[in-house]
Every structure is written in structure tokens, then in C-alpha cells.
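Next comes just one chain, in C-alpha cells: the form predicted on its own.
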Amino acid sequence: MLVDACAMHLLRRPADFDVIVTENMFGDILTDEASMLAGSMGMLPSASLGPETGNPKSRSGLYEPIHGSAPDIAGQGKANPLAMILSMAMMLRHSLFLEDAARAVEVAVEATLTDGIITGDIVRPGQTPATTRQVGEAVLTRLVNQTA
């Protein structure tokens, strides 16, 4: 599929896609567009997975949020940590094969969002945004409470 057609289809019918394999430049374009379906680039994790090696205990991969380092907001407590936390959940699932741990992280993120502890990039009118640290600590608290 050509990248422009893919972008249109992705925004119109995102559920039709599970995995998109593309070159880096087109991947950057498509992930930036797809991030708006989730509300922010701060919400989307990503993985570049190595080949399956036959070792059932590990698989190499590079895990990162789709956004860059955001030097314009560095040190201000504005960055959304959820994409990075969800990237870690992907690592637990796809490289370390720890499905229960990955799901626990995802449940903690979902609970944090449900409780309205969110950064400014996805805050609704009238809500007070939480800081990067507050969101990270909220996820950690919910994760610890799940596993206790």
C-alpha cells in the first residue's frame, strides 16, 4: 500500500491494522498521524523486533516511545511518560516473554488514565494536568497494589 493511501486508511479505519511494516521515514509519518487517534504522541509505544532465534526465552528488540526526546520541554515535568512505560510492557511481552508482567503494567496505565491522572498533552478542559513524575508514580502505585 502506498504511504498516502495507508495514512488515509489508518485514520479512517484504524482497527483494520495490526502491524505495519515500512521504512523508517514512512513509519515516522504514519506513527505521528496514528498518535492523534490516541490523543497524543505521548501515548504510543513502539518496538523494532529482531528475528525469532528459536530461543524461547528471549528475542532482541528496540523499544521506545514514538516521540523524540522533546528538548523543548526537558526538565519541566510536562512530558507524558506513558508511551515509555507501555514500551517497557512491550519489551516484557515480546523479548522477555513475561505476559503476566506486561499485562500488569498495562492495567496500571489504564487505571491511571481512568483515575484522570494525566499530563497536559491529553488533559481535558477544566482538568489540572499532572506532572511527569506524578503520572509515573501513579502508575507505579497501581502496579505495586496489583501485585501485593
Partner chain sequence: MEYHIAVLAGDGIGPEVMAEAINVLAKVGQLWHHDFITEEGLIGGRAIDETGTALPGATLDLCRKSDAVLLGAVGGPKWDDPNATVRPEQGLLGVRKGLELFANIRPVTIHPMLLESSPLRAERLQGVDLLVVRELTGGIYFGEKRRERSDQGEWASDLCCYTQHEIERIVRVAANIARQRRGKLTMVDKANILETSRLWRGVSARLMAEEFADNCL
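C-alpha atoms forming the largest set that superposes within 1.5 Å between two forms make up the rigid core. Positions refer to the first chain, counted from 1. All figures in this text were calculated on a predicted structure; none of them were measured in a lab.
This next part talks about the form predicted in complex with the partner chain, which is not shown.
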> Do Gly27 and the partner chain come within 4.5 Å of each other in the model of the complex, heavy atoms counted?
Replying inline: yes
>> Would you classify Val139 as touching the partner chain in the model of the complex, given a 4.5 Å non-hydrogen atom cut-off?
In response: yes
> Contact between Gly54 and the partner chain in the model of the complex at 4.5 Å, heavy atoms?
Replying inline: no
> Does the partner chain get within 4.5 angstroms of any non-hydrogen atom of Thr128 in the model of the complex?
Replying inline: no
>> At 4.5 Å, heavy atom to heavy atom, what parts of 25-47 sit next to the partner chain in the model of the complex? List them in sequence order, or say none.
In response: Met25, Phe26, Gly27, Asp28, Leu30, Thr31, Asp32, Ala34, Ser35, Met36, Leu37, Ala38, Gly39, Met43, Leu44, Pro45, Ser46, Ala47
> Is there a C-alpha shift of 2 Å or more at Met36 between this form and the one not shown once the rigid core is superposed?
Replying inline: yes
>> Does Leu140 shift between this form and the one not shown by 2 angstroms or more at the C-alpha, the core having been superposed?
In response: no
